[in-house]
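Given as structure tokens, the chain that follows is alone and in the form predicted alone.
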Amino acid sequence: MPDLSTGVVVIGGGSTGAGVLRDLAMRGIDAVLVEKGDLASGTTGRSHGLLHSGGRYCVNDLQAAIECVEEGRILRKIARTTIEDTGGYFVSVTDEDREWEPRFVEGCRQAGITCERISVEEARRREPALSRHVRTAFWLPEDGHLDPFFLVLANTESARRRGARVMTYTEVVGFSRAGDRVTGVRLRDVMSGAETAIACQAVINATGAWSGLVARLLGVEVRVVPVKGVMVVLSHRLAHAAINRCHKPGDGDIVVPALSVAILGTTSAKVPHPEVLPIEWDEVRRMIEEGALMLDGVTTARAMRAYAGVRPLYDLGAEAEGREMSRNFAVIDHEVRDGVKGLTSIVGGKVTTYRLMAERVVDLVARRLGVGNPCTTADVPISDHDDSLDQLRHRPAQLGVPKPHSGEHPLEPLLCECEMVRPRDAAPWFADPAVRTLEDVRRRTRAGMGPCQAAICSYRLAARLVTDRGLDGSQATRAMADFLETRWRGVRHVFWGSQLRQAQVGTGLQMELFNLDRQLAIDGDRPETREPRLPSRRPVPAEARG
């Protein structure tokens, strides 16, 4: 007998899976989302966070550009709490770039993208860091920054308010079938090893670059090409708006302002597996050199970490490779194509188009389930509050001025100064049994993502494990060390210059002030301190235990 039953199981906790879950819940369809890691821990959480105007695709991939600009306008209405409305510039720095301009302008016109050519002098007045190499500038107000973590959480929380369930750290290991129909999924908790099963009427495979691996469990094929993209995080914002190179998309041709930092991207290279994402020094160096052609300060700013994501490009069997492959998406009806009833896959696309992708696949599944309720996700705001994502600009004032009759103190202590994370911002997540590690807390609060890369806030977060979850000092120390290790994985790829000095400061704090290495050595022979999961004080519900 299965442990749970539901209408639809959604596999994948990125933007597409979260959007699918919300769409199902809003149509009144009972659904459970399962994700083998944490929410937004795959492709979505490793993107550069550009809310696409469509300008990067309007020449070579017109349909994808149209979808980006239309969905971007919708997201500004329904998901404003996850968006920094920065706008963007496309700049030419070489003769080859200027030859691209007529095609770019015409592509913007065909896609319906707002595009205004402005003088270089005016562009530099707005963005003083524009390099001396810039020859032409176009203003595209519909570019922006979309925080991928807040987007996914907002969608899943919206779905949960409507009755949906979310199971993180839960991997699909197989399916149940009755003849040619899928009747359920078999699951394993990746931390405890406990196995469970969910009976269902339909399964939606929204695992992106992992779609082929999931489909293979049922003996069907989904041809997804995993393409690696490396990004570099600079320790401060070099520009107010997104800066794009006006040419055929290439390496190091975009800088996205992302709250307290700037993200420089990105490379494009096929990889054999979506989890094999090596970062090479030449990739980092090439992006920094190319980015410096657009913006002064790229070579002198502190490169505080590098990371890699994987694009789930759908293989249509054409000759195109890498950047030539379409960023469009496809809904695969496995009943029609493969004779497997109850399974549908959604592949390809962009974070910007996640809502449309969810709408298309849920339209099909709802029809099969006999549900006629229309999609309303384009009209109903995701969040039930109205705070702007641009919180770093306004939070200093909020920290210093208490709300009337709130009883708050004028000044609040901070868990993370870099990202201005208050105890109240983190407290709900320490009470959530689905949050298993300090990395999970980071994704929900941005604590540890700022210039010091958790050198200071890791200690404060670990202390909350003692006060909020009842862990002993050894367990909290181990959790802190694991958190710092995940930060180190990105820092080690930019280990030079000012970042090397910053890392030495961080090492001094951890090893000399906090005695982290000595404490770990003392606890090394105690197996109970090695468990990375963060236990909750209260019993964990079955759906969270997996």
Ligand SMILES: Cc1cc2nc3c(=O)[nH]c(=O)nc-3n(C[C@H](O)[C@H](O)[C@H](O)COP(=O)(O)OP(=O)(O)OC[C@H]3O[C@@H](n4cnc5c(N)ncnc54)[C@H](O)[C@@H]3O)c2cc1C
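In this text the structure is predicted, and so the values were computed from the model without any measurement. Sequential numbering from 1, following the sequence displayed.
We do not show the form predicted together with the ligand, though everything after this point is about it.
Novice: Please identify, from 23-31, 488-496, 59-67, 40-48, the stretch that has a heavy atom within 4.5 Å of the ligand in the predicted complex.
Specialist: Only one stretch qualifies here: 40-48.
Novice: N155 near the ligand in the predicted complex, any heavy atom under 4.5 Å?
Specialist: It does not: once the ligand is placed as it appears in the predicted complex, N155 has no heavy atom within 4.5 Å of it.
Novice: Wondering, does F90 line up within 4.5 Å of the ligand in the predicted complex on heavy atoms?
Specialist: No, no contact at 4.5 Å.
Novice: Hey, in the predicted complex, does I11 get a heavy atom within 4.5 angstroms of the ligand?
Specialist: Yes - in the predicted complex, heavy atoms of I11 and the ligand come within 4.5 Å of each other.
Novice: Within 4.5 Å, heavy atoms only: does G309 come near the ligand in the predicted complex?
Specialist: Residue-level check for G309: yes, a contact with the ligand.
Novice: Which residue, G342, G252, G450, G348, is the contact with the ligand in the predicted complex, using a 4.5 Å heavy atom cutoff?
Specialist: By the 4.5 Å criterion, the partner-contacting residue is G348.
Novice: Tell me, which of M231, A164, C457, A202 has a heavy atom within 4.5 angstroms of the ligand in the predicted complex?
Specialist: The residue from M231, A164, C457, A202 that makes the contact is M231.
Novice: Only counting heavy atoms and a 4.5 Å limit, does any residue of 155-184 reach the ligand in the predicted complex, and if so which ones?
Specialist: Stretch hits, in order: T170, E171, V172.
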